[in-house]
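In structure tokens, one chain follows: the form predicted alone.
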């Protein structure tokens, strides 16, 4: 089951990267999904992996919305650094999916994963379009 989900996820990434749903391109994607090495190690918990995969899929339309907002905002972004709780660092697939969901959008990037008093968390650099009128520059 995990192998099948891994192959489907790889095929999804391939189609997102190539933006081509032709039969030949899908066949190439299936071939790559099957031939690329798969992770060996402890079994990943299924429920958190599916939640992380769902958040990664939801991030795709969000990324398009943020890209449109970026086009319309010009130079008016507000910058902030935030911390967000992370999954179990022992499960590399979960960490990968969480980081993918965060960095897929044009306004956010993960700067690091660290352990704190409340457990593991991501340090995230985030931009948001500034609302309202643009500030006027004095000559």
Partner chain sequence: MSLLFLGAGLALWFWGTWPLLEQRSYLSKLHKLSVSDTLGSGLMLLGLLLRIPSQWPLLALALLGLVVWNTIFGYVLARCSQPAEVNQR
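None of the values given here were measured: they were computed from a predicted structure. If you superpose the two forms and keep the largest set of C-alpha atoms that fall within 1.5 Å, you have the rigid core. Numbering follows the first chain given and starts at 1.
Only in words, not in the display: the form predicted together with the partner chain, which the text now covers.
*Asks:* Consider residue 106 of the chain shown here, and say whether it contacts the partner chain in the predicted bound form, taking contact as heavy atoms within 4.5 Å.
*Replies:* Residue-level check for residue 106: yes, a contact with the partner chain.
*Asks:* Taking heavy atoms and a 4.5 Å cut-off, does residue 88 contact the partner chain in the predicted bound form?
*Replies:* Judged by the heavy-atom cut-off of 4.5 Å, residue 88 is well away from the partner chain in the predicted bound form.
*Asks:* Examine residue 25 and determine whether its closest non-hydrogen atom to the partner chain in the predicted bound form is within 4.5 angstroms.
*Replies:* No - in the predicted bound form, heavy atoms of residue 25 and the partner chain never come within 4.5 Å of each other.
*Asks:* Spell out, yes or no, whether the shortest heavy atom distance between residue 31 and the partner chain in the predicted bound form is within 4.5 Å.
*Replies:* Residue 31: no contact with the partner chain in the predicted bound form.
*Asks:* Would you confirm whether the three residues 36, 47 and 54 all fall within 4.5 Å of the partner chain in the predicted bound form, going by non-hydrogen atoms?
*Replies:* Heavy-atom distance to the partner chain in the predicted bound form: none of the three under 4.5 Å.
*Asks:* Listed by sequence position, which residues of 5 to 23 have a non-hydrogen atom within 4.5 angstroms of the partner chain in the predicted bound form?
*Replies:* Heavy-atom contacts within 4.5 Å come from 9, 13, 16, 17, 19.
*Asks:* Under a superposition restricted to the rigid core, does residue 125 display a Cα displacement of 2 angstroms or more between the shown form and the other one?
*Replies:* No; residue 125 is a residue whose C-alpha shifts by less than 2 Å between the shown form and the other one when the cores are overlaid.
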